[in-house]
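Heads up, the chain below is alone and in the form predicted on its own; it's given as structure tokens.
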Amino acid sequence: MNTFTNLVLAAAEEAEHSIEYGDGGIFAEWAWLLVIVPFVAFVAIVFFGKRLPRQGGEIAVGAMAFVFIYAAILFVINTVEGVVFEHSVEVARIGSFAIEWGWVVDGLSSMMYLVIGLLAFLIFTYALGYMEGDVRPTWFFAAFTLFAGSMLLLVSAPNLIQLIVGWEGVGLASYLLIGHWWEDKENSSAGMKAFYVNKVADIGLVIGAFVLAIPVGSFRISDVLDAVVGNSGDIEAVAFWGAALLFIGAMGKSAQFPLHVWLPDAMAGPTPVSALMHAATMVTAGVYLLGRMYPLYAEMAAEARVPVLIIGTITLIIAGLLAVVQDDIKKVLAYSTVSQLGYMVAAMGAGAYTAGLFHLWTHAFFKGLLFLGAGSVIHSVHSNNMSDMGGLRKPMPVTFGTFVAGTLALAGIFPLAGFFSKDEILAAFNYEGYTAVLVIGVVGAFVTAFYMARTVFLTFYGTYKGHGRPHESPRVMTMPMVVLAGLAVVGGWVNIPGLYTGFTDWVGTRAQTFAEHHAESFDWPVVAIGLTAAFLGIVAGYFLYYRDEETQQARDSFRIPLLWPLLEHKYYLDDLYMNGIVTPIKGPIARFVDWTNSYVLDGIVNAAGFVTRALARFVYQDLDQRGIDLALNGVAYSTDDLAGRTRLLQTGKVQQYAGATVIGAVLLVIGFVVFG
């Protein structure tokens, strides 16, 4: 019995894998609770949510409160200790490859845990008020909690397989929540568009994971990065292609050109979904992936950073320009999100690891706040369009004040959060010698300030143009906005060049750090240029949009003849995808596939069935029935007839037997005489 027990324990220990630096203590060892609790809450909401006063919302908020508190403790421990803790348990094996589940606690993951936990807790609380009276609140909170669990599964992943599972989980939750109000076909179509575009990109992620794992012999991220650092195995031959394929996956989730088209349409979902998933957390998964795999991009696959930089730069400017012409307030913020994601990706491509992640950190606060502010306005005026708004600063003072704080942070005004992170990105462009990218980044800063000034003036100034009586949102919605407004102000103070660079230390706790830290002091010329661009954008927005037209319609009085039609048609990319891909697939390609299926494939199958049936009929009727069975039956009949005739000779009379014996003897003698 003792021998058997020892064998079981030895097998269990062999199936586990741990790495630990620093003293993470019990909180690092039990960090798997961060992932499990949201999934348990999801199941509880599905089965018991409808019986509760808040339709399951209280379970969701409670689970996110736990995640936030636990993540905050881990964050503090990591800040003090600089912990790197990784634990994996083998759950299956495919050939020589172990399929594992586990969790990672380090500076990068701890930062993401805190962002997800804090934003989720605040936005889930906000959703209690926003979704009150909704047709399916229980399902909403269940799917929302499923997203949180999947996002934490992704961030906690110590291996590429678990990362892919979490990646697909957030994609599924996004599809469900974008189409939450599926009765409107526009909403369900937006959900499908997001799902399909991301699936195209996910192919790159999956193939890239296998391309990197096979030469190493392991899906563990630490093993892959160790092979990169140690230049071991055959990974050098596939490093570029593996990195490029992973970036394709990141392009989909982080909405990079030309796969950005799904994110603005995703605004069809409820505003809390837009705030948490499509602004603060899910869309940053691609940036997180680049950060987690950064040693690969810094060492063997340095050439792969070139397309990363180019795609990020293109995205930051084209999306910012698209935000200028939008009337839907959520789509303004959606294109703004795409643009800011472009800044993060371009920073990674330029080698500014810390700057890209720092902008992820600050952007989560002020962009989550702006979406909540937009939701508060929509909740009040029952319209998404700024042409139905105006003059809302007086009836909605809390929403107005917090929205302005988020706007200034996004525009990069000192000393709000966005100033520090965006300045660090621009300084990195300058330091690395990417002058053209720096110029585009500065133009993007001007455009950002311009479209946000336009949004503030059209929404909160002038006169109200809608119907009904605008009112401030309830405290359950405004309090999360106030908290995020505070973070939008002070969130950037954790990485001030020359004063305090705690954030740099938080995200650089791995044994090997490839982040290039050039933020020992401010790059004052870049600071001056960036701030000037932001102020000029606000001033231009003021002169163009502060006053209403005499018709009381908030319409654009500023239009550039060739540029504006291009922007209003979104560079015709959606038309290109619809007319060049979707419509042909739904039209001639679908008909061709249907014809091929009906007449070619079905014809082959039917012909095979006909031949098989004819052959079976021939075998059964001709060979079996008329051949084999007839022959066997003939032999049996002849044998039976012969036996019947032979049986007549068996009379039982001795004299007949004696006579037959004599006749036989005579015949034998005659034969002997004749033939002998």
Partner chain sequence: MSDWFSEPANWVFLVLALVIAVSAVRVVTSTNVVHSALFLVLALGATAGLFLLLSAEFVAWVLVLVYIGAVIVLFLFGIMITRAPTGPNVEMDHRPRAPAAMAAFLMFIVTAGSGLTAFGDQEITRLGDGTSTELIGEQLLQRFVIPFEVVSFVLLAALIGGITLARRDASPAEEEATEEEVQA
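None of the values given here were measured: they were computed from a predicted structure. Positions refer to the first chain, counted from 1.
Below, we turn to the form predicted together with its partner chain, even though it does not appear here.
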Checking Ala237, Ile94, Val600, Ala436 against its partner chain in the predicted complex, the residue with a non-hydrogen atom inside 4.5 angstroms turns out to be Ile94
Could you tell me if Val674 has a non-hydrogen atom within 4.5 Å of its partner chain in the predicted complex? no
Can you list, in sequence order, the residues from 656-672 that come within 4.5 Å of its partner chain in the predicted complex, counting heavy atoms only? Val662, Ile663, Val666, Val669, Ile670
